[in-house]
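Below, in structure tokens: the form predicted alone, a single chain.
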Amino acid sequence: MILEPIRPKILSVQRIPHAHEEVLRAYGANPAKHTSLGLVTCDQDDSTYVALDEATKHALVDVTYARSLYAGAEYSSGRLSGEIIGVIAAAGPTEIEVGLSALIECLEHDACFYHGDDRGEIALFPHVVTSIGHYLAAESGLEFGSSMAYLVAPPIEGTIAVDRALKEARVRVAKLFTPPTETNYMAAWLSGELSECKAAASAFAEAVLEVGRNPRSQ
């Protein structure tokens, strides 16, 4: 099974080296701990959540704000809005730079959605995080360094596919997001051994493709 990648587009990367206390608080940072912010917008939300988590593995940064924008990138409020805004905070601008570098590297070379059909009408995210960082650990309730199958697809395809993944791999649900998410998808975070997370992601992707080929099962 070979899927065609849909590479995320980073729309804007900004820094506030010495942020005002009110801005820090508004975006979840602690003025007693943080002075600097790094901000990013992108046209793929889930890829960016993975990239934000990656930043926490390479720098002393906290993900203090990460929100998907309603309806998705095609309905964004402006050309730099995309599908998500993410914010990292740190004690100083040096750590922000290191964190942003890791985040950008992840978006450019790792996390991305894939086409699930020849017409490009189905997009899926069968991503495996080998070792989660501090952000996804806190969001999922899993231990830092755990493996995760991060699975996303449109509502009906994703539901069938998550069921398949849970049946074919030795994984458990860390979190399941029923539709609609802000971008009208559904998602699941599954945990287990790395090999089982990979098996779950493979089963998930295959099931999404099957539903796309046969939308009205008999």
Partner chain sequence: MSTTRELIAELRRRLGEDEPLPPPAPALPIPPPPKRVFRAVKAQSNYLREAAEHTTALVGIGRVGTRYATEVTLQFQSELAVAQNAVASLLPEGWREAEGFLPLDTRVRDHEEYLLRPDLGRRLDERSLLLLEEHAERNVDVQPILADGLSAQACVQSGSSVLNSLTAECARLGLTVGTPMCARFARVWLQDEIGQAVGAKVAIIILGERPGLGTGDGLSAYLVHSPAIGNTDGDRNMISNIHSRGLLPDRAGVRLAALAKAMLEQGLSGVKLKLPVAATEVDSSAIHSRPALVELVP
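Positions refer to the first chain, counted from 1. In this text, all values refer to a predicted model and were calculated from it rather than measured experimentally.
Below: the form predicted together with the partner chain, not depicted.
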query: Residue stretch of 100 to 108, 83 to 91, 69 to 77, 132 to 140 approaching the partner chain in the predicted complex, non-hydrogen atom distance within 4.5 Å; finding: 100 to 108
query: The partner chain contact at residue 24 in the predicted complex, heavy atom, 4.5 Å; finding: no
query: In the predicted complex, residue 5 touching the partner chain (heavy atom, 4.5 Å); finding: yes
query: Partner proximity in the predicted complex: residue 126 to the partner chain, non-hydrogen atom cutoff 4.5 Å; finding: yes
query: In the predicted complex, residue 10 touching the partner chain (heavy atom, 4.5 Å); finding: no
query: Partner contacts for 25 to 62, taking the partner chain in the predicted complex and a 4.5 Å heavy atom cut-off; finding: none
